[in-house]
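Only one chain is given next, in structure tokens, and it is the form predicted alone.
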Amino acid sequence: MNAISDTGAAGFLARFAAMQGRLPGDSTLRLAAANAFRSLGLPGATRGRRVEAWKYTSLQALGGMSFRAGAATAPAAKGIVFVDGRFQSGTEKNFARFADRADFGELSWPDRDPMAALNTMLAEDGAIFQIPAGIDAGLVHLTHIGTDGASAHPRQTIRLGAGARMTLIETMSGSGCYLHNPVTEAHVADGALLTHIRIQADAPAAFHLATLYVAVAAGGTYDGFTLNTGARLTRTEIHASLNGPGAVAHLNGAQLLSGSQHADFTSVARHAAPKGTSRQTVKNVLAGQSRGVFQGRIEVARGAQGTDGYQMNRALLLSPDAEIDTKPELEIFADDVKCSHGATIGELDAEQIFYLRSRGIPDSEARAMLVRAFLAEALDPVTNDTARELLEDAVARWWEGQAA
């Protein structure tokens, strides 16, 4: 397919008009999403239009660009592989393709979320995992690769039956300037456990805009961790609903940024049932002129007594030109709860540096030791050995790039 000549929202709408007869799934739903996207537009790209949820992140740069549909192939990688949002290789017992079984799910909000609307409008393919009750699916690798000039809108669904277990490690990488705009739904049934590790190491010129919707039933656990090191502009938006008694949601992450990178981690934990537990802990290391954003929200419904909600954002600024914006929120309508939030922002501890230097350690090495310790601490929520090793490798590569 030739590149769409129109830029921004107009270009995406033009592509939909050209492709809509060939896209899988409910055409009525896609048309409604297109109408919603036409109204919503790209946040920050339309002068005078303010979107509170995107207060700290503007897609103005994206609004002046045009992208083509995915058409390229790339070398095979480990696990299930998608290139520019289209399936390339890999098999898994409980895996299906969105292109063959178009499942838009029921958790997303394309009528009010512009990126969900864009995805619903243009999704061509994506991964669907259906894990039967009581089955342990083990460890699954899912790889997304982007290529220069493409925009990809993978549509993904994960459904775990009662008591099922799965560990999904999702990695993102590529080359050139491209857009990766995935929407993922995760359904965790009674007593099930989904461990979801996301390693975003997209190309330096890329845009990564991911939206995740999670529903956790009674006694179920969604254990999520996102590491953002790549892309020119990143936004990770997670909406987790704890719908049954004793549900658990971990919405943790780390953002390692340098140069002029911008990364936004926005998460909402909605407690709709009693005795639920949520954790939102995000740590940032910011160098150069980079900018990090954390927006965390805990919502507790009137009947959700015994809720335990916690959120924390910590930022380590390695440069006087780096910036962090943090916005923690609590909205509580129950009276028997334990909810807290906090934020810390600082530089490397001068006393710790002095202590290390007094032991004969050079200044640059002393600073590196303190940064590595902070980064190691950021990975503490991850207990799966394979996932931890991959995350540590990604962190090491990022730090080596700063030291080079």
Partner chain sequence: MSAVNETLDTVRSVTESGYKWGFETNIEMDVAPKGLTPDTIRMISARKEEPSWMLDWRLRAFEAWLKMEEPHWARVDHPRIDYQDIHYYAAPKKKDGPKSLDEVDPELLAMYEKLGIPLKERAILAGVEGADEAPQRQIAVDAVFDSVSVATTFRESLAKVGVIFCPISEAIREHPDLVKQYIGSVVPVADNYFAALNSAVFTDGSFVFIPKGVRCPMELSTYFRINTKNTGQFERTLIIAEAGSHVSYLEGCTAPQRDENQLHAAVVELVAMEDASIKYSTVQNWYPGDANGKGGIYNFVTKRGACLGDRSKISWTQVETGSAITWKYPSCVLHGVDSVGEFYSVAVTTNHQQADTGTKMIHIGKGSRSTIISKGISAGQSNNTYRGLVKIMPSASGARNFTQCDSLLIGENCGAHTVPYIESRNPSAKVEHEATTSKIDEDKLFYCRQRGMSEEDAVNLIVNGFCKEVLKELPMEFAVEAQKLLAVSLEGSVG
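Residue numbers count along the first chain shown, from 1. Everything numeric in this text was worked out from a predicted model, so none of it was measured.
From this point on, the text means the form predicted in complex with its partner chain, which you will not see here.
Proximity of Asp363 to its partner chain in the predicted bound form falls outside the 4.5 Å heavy atom cutoff. Of the heavy atoms in Pro328, some are within 4.5 Å of its partner chain in the predicted bound form. With a 4.5 Å cutoff on heavy atoms, Glu323 counts as touching its partner chain in the predicted bound form. Its partner chain in the predicted bound form comes within 4.5 Å of a heavy atom belonging to Arg302. If you check its partner chain in the predicted bound form, you find no heavy atom from any of Thr28, Asn35 and Gly64 within 4.5 Å. Ser319 is the sole member of Asn94, Thr73, Ser89, Ser319 with a non-hydrogen atom within 4.5 Å of its partner chain in the predicted bound form. Considering its partner chain in the predicted bound form, the lone stretch of 37 to 45, 354 to 362, 53 to 61, 371 to 379 in range is 53 to 61 [heavy atom distance within 4.5 Å].
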